[in-house]
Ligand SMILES: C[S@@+](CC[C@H](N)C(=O)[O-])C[C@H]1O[C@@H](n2cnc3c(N)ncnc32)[C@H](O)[C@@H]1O
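Take a look at this one chain, the form predicted alone, written out in structure tokens.
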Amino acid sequence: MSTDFHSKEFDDGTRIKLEILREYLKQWLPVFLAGEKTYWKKIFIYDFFAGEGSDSIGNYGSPRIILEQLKNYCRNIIEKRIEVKVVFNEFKKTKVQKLKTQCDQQLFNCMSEEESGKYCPNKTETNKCTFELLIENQDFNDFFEQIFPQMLRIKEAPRFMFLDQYGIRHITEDVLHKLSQLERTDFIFFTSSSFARRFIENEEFKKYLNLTRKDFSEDKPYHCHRVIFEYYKSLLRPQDNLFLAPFSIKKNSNIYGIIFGTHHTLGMEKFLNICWKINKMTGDANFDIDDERINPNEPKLFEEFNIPSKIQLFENDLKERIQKGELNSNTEIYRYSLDSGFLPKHANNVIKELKSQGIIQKTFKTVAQDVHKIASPSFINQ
């Protein structure tokens, strides 16, 4: 992917990626900044490949989206006395200068707005924002190695990281395992999946992805990001306690993608909700990734032909696991569904069917949004 894509208007694929970022920040920020109680006094947000801030016609890139969403919580930050540190990093010096200029202008405009300006310290000429903004010009790997020991010292602090790398080479197995050590870190990273598939036999690619041509199906080239995702998922260790979820993005004939990571089931549910709103058929792509051509406005005569195969496979698998006793509680079903990329509503379809068949107790409730807060008893009829 060209590093000069800011010089033109963002394409549809980039806009989808940035919209997912925006929507997840809308879900993530209030958890730590707008709650009744304040449990953490320090919060960190990182954009490690920030670019210059916007495209050629002014559409916001990731750093400006982050600032845009943060301004909604200036009052909370002040009243709750929360230290919020925002770090933007960009390797290219020419882009860094444009980024600084755009961020300065955006913060000045924010200070001047009637609503957000009420809580802005700049109004009292203190020349500071409610949060600390640091803009760096470093190589990602060097920078990440430099600041990671500091992160470990307060690894329980809430962090959000956006890692919009150019290609595939920066998010290595080592980086993934380092991210897994940070207890309250949610992250989104980008991969050029089509290029990985195309050049996987190249020695340069082999240094970063332990895959071969055989791992990719020639019949399903659009599934290449699913392959990349499964590779990263295979790198996880039991002690990582990390959920991962993919989203494939089609740009012309190429497939790119993002991978989301979180340690908490609620974070996973929030991300999956965003993805399933974009694509109600599979929840993991901005296109018909399985080429099923299902039109919800023109249902087929037989209901089973209106259900995407991905959902059918999940429902069949879940039924089998419940009946075999591999999943014995509401909580176990919830966690398994999320780890498979599905929402509570998908699991509930199975639960309702098994209840009607007498396999599950009639009194057992369907999976609720806050199931991660409770320990569910066994519900299989003995």
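For every residue, the number given is its place in the sequence shown, counted from 1. Treat the numbers as computed from the prediction; the structure is a model and nothing was measured.
Form predicted together with the ligand: not shown, discussed below.
None of the heavy atoms of Gly341 is located within 4.5 Å of the ligand in the model of the complex. Proximity of Phe243 to the ligand in the model of the complex: non-hydrogen atoms within 4.5 Å are absent; the residue sits far from the partner. In the model of the complex, the ligand lies within 4.5 Å of some heavy atom of Phe140.
Taking the partner from elsewhere, Phe314 is found to have every heavy atom lying beyond 4.5 Å of the ligand in the model of the complex. Only one segment in the set 87-95, 201-209, 144-152, 273-281 has residues whose heavy atoms sit within 4.5 Å of the ligand in the model of the complex; it is 87-95. Contact check at 4.5 Å (heavy atoms) against the ligand in the model of the complex: all three of Leu18, Gly51 and Phe162 pass.
Between the ligand and the residues Tyr231, Phe195, Phe287, Tyr166, the one pair within 4.5 Å by heavy atoms in the model of the complex involves Tyr166. The listed set Lys250, Lys310, His170, Arg226 contains one residue whose heavy atoms approach the ligand in the model of the complex to within 4.5 Å, identified as His170.
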